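For reference, the chain that follows is the form predicted on its own, supplied as structure tokens.
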């Protein structure tokens, strides 16, 4: 008898690495909804991109639009990596479907109440929607089976305008603080782990070449991001959200992890949004994060390959 498929609720801001993660999710699990925030690009584009991915895989996954801005202060997007529309500015035809009228935060709470203890929540973007959901339903952590967060830079080597800060946390530090302070146990896949597990360009290009229509589409939308990675001296394509999705889908891929307390810095012109890890248990606070340090690279790449092998329906 086959094991039941994982039920995923994905909070996202597509973005090309989000796109790969969403393809992987539809190949390996049951996706109950996509809740969407601004982040990599503005909300109009992230919602359109989510709808397009659902159409491409031939799914009926509901898409719920959420927060168009961070909770407190405005933040710059990452269009210089992903393209102005988040999908490499290729000019794709918009999806026929439209987003649900239910706000993302409300949808999170409703779905968690309808399926208590069943959902794995994968947070791939800024945590704005999830912070609002927590304010609406403080018992949300008791209703969600697992929370996997892509975010942070656990030793201060970030990718945001403030040096130690990672983009998702830096875009909305207050939202991240709400989640980290009120979710007792979550799994954290940080930016530095994602860099260590970049897809070497030779293997990344081979995965695209071996795929079908979906791989061709992904190669087009990710061309800007691939060029950015190469120009910045990385040895391969960093697909951060795909790594977090692999951890969510296949926990056995994790080869090394440490449980530590992680907080978010809310002040400082250089440090706002930094993730502060109590590596030596000095603050007296319980560990709230299982920090993923290493995964099985071959297993991760196999999961990516399966996502890229999905047929594209349009």
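Positions refer to the first chain, counted from 1. Here the structure is a predicted model, which means the values were calculated and not measured.
From this point on, the text means the form predicted together with a small molecule, which you will not see here.
Query raised in the report: Among 133, 188, 240, 153, which has any heavy atom within 4.5 Å of the small molecule in the predicted complex?
Result: Contact residue from the list: 240.
Query - Residue contact check: residue 46 to the small molecule in the predicted complex, 4.5 Å heavy atom - result: Although the small molecule is absent here, residue 46 would stay clear of it in the predicted complex, with no heavy atoms inside 4.5 Å.
Requested in this report: Flag residue 168 as yes or no: does it have a non-hydrogen atom within 4.5 angstroms of any non-hydrogen atom of the small molecule in the predicted complex?
Outcome: Contact check for residue 168: yes, within 4.5 Å of the small molecule in the predicted complex.
**Report entry** Any non-hydrogen atom of residue 229 within 4.5 angstroms of the small molecule in the predicted complex
**Finding:** Outside the cut-off, so no.
**Report entry** Any non-hydrogen atom of residue 224 within 4.5 angstroms of the small molecule in the predicted complex
**Finding:** Because no heavy atom of residue 224 falls inside 4.5 Å of the small molecule in the predicted complex, the answer is no.
Requested in this report: Given that the partner is absent here, state which listed stretch (240-248, 101-109, 205-213, 88-96) has heavy atoms within 4.5 Å of the small molecule in the predicted complex.
Outcome: Heavy-atom contact with the partner occurs in 240-248.
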